[in-house]
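Coming up is one lone chain in structure tokens, specifically the form predicted alone.
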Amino acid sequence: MAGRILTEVAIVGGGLVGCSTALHFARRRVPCVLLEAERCGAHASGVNYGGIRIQGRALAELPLAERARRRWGRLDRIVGADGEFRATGHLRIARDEAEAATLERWALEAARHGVRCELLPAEVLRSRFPWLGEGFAAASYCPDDGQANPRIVTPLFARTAREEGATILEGRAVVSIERTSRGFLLRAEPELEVEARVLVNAAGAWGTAIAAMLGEHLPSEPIAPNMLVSEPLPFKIEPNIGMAGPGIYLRQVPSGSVVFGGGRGSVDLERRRCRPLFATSLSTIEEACRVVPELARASIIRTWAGIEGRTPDDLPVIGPSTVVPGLFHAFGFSGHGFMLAPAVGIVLVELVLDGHSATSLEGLSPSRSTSVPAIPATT
């Protein structure tokens, strides 16, 4: 398709946030065009860990996470399939007393939001999960959390959005954006112009660059979460597992393979390429074996990385621009946006069409990003 398209809403970015947004505009019968430089779900949305968790999130994210969790539970009614979502629970492990205190503080605050979270002392932890390694101080367990398959979820949203009437154009990199009397004029390669009244910036690691095209400074840095998967093993690890502080995360899928990650790979944002790093993978494997000793006898069959955007405070930028009328942002999810995305899409549509949303975004507004220092670009 070449030439010029006139529409109500243009969405830049075909990750899960962008495709969810397109679907909900289509369901409100609002014409929208989504532009994706590669393929929908090609980067963070399609190659991430696949954790669905409320546990451990910043309090500012909890209202959005709670709404997202409800939507994951009825994904089959939203996009026609469940995306392999399973409510397996999430186990968050403390390695020492300081991390155990972190778990206690979070559980107390989360309880005020109605989040179910059970604190497990060391002796209970070992008896309940005998496949865990020894020496952990405590853990907390949220039974409503779980996991899904990121490789199929974004394509499900993209397919359903198309079926509902959204225009989704893949292989269309946005190279410039201008303000017009009607709203925005986007130029994309090859040979396409899109004019829209409203613009949604869901460009992930490229969100900062899209904002800069319109003179708005919203700092972020590209990161490449480093991931691995093992050969199939006897199924034992039911919950999705994470650490109370920095560290590894892992989950076992029904076929027996264990997906785990930790640390960063390398990323070249300009070329849209990333790769896992051997040293990172090795340290991740060593820590994973301390958490689940039986992993020491497993073979790693694949490693990979995906490009994501990280903000200075590790919280996403969601909401209307404070300097450009008609521009809405949803990027910078800092490695934990997969779970939130089904709710982010509908909240953005409510903000655009209704002027408000019942789901609080306090603490996530683009306005806060102007008060934090920019992160130096890394490769």
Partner chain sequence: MVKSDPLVVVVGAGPAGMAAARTLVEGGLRPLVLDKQPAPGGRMWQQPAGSRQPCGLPGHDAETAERARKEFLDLAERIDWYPGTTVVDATRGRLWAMGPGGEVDETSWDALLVAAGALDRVVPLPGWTLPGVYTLGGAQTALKALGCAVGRRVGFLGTGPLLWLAAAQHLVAGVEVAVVADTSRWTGAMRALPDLLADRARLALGLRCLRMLRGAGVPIRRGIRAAAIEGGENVTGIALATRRGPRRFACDAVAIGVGLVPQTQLLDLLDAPFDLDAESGVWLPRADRAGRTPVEKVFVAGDGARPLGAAAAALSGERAALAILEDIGRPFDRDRAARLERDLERHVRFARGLARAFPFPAGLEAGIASDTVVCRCEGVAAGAITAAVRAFGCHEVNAVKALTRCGMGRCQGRLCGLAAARIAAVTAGVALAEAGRLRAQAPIEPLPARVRRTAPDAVA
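Positions refer to the first chain, counted from 1. Remember, it's a predicted structure, so these values are computed and weren't measured experimentally.
Separately, the form predicted in complex with the partner chain exists; it is not shown, and the next lines address it.
This chain is displayed alone, yet in the predicted bound form one of C117, L295, A244, A188 has a heavy atom within 4.5 Å of the partner chain; that residue is L295.
Contact with the partner chain in the predicted bound form, defined as a heavy atom within 4.5 Å, holds for exactly one of A111, A212, A279, V175, namely A279. The stretch from 144-152, 70-78, 189-197, 236-244 that comes within 4.5 Å of the partner chain in the predicted bound form, counting heavy atoms only, is 144-152.
By the criterion of a heavy atom within 4.5 Å, C289 is counted among the residues contacting the partner chain in the predicted bound form. In the predicted bound form, R28 stays away from the partner chain, with no heavy atom inside 4.5 Å. Looking at W304, you'd find a heavy atom of it within 4.5 angstroms of the partner chain in the predicted bound form. In the predicted bound form, none of the heavy atoms of I223 sits within 4.5 Å of a heavy atom of the partner chain. Although the partner chain is omitted here, in the predicted bound form none of E66, A166 and H336 has a heavy atom within 4.5 Å of it.
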